[in-house]
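Coming up is one lone chain in structure tokens, specifically the form predicted alone.
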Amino acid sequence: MNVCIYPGTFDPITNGHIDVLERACRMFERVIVAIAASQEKRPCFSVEERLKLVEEITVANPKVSVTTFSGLLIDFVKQQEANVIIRGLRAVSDFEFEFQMALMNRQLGPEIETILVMTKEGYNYTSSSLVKQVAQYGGDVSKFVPDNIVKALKAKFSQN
């Protein structure tokens, strides 16, 4: 079975992320969305909240499962018996970081391939960080994220 891992912090997941996920589903029999626990990025949502939000979005797609991981991505990929990592690119500026990560992962797991997928043109300026910043100041982010994320962001920032 062709299994693909789509890793990220998804804090929060955006329409750009979902675009990459939908395209991965067309290429692979099974796609595992792997939410990184990553505290280094100081996420807005806990890993449990991010898991729940992504599950709400993907529940109707039988090809997709959602889980969390910590530690080295390549170890998680091997544990899941996957053979591909898929990553999204918004712009050329993303390429250098993704290229370095792909080369390191190739050294750690030469049997694992990395595929870099360009997002649709309309999503190339959207990032989770920008979405959070706009939402924090009461801006409308409904063009950039699904409805459940809009609600979660409003709830999160109304507490502050």
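Remember, predicted model here, so these are calculated numbers, not experimental data. In case it trips you up, residue 1 is the first one in the sequence shown, and so on.
Beyond the structure shown, there is the form predicted in complex with a small molecule, which is absent from this document and is the topic of what follows.
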Can M104 be called a contact residue for the small molecule in the model of the complex at 4.5 Å between heavy atoms? yes
Residue-level question: is R42 within 4.5 Å of the small molecule in the model of the complex, judged on heavy atoms? no
Heavy atoms within 4.5 Å of the small molecule in the model of the complex: does A36 have any? yes
Is there any non-hydrogen atom of S65 lying within 4.5 Å of the small molecule in the model of the complex? no
Spell it out for me: taking the small molecule in the model of the complex, does every residue among R90, T119 and S129 have a heavy atom no farther than 4.5 Å from it? yes
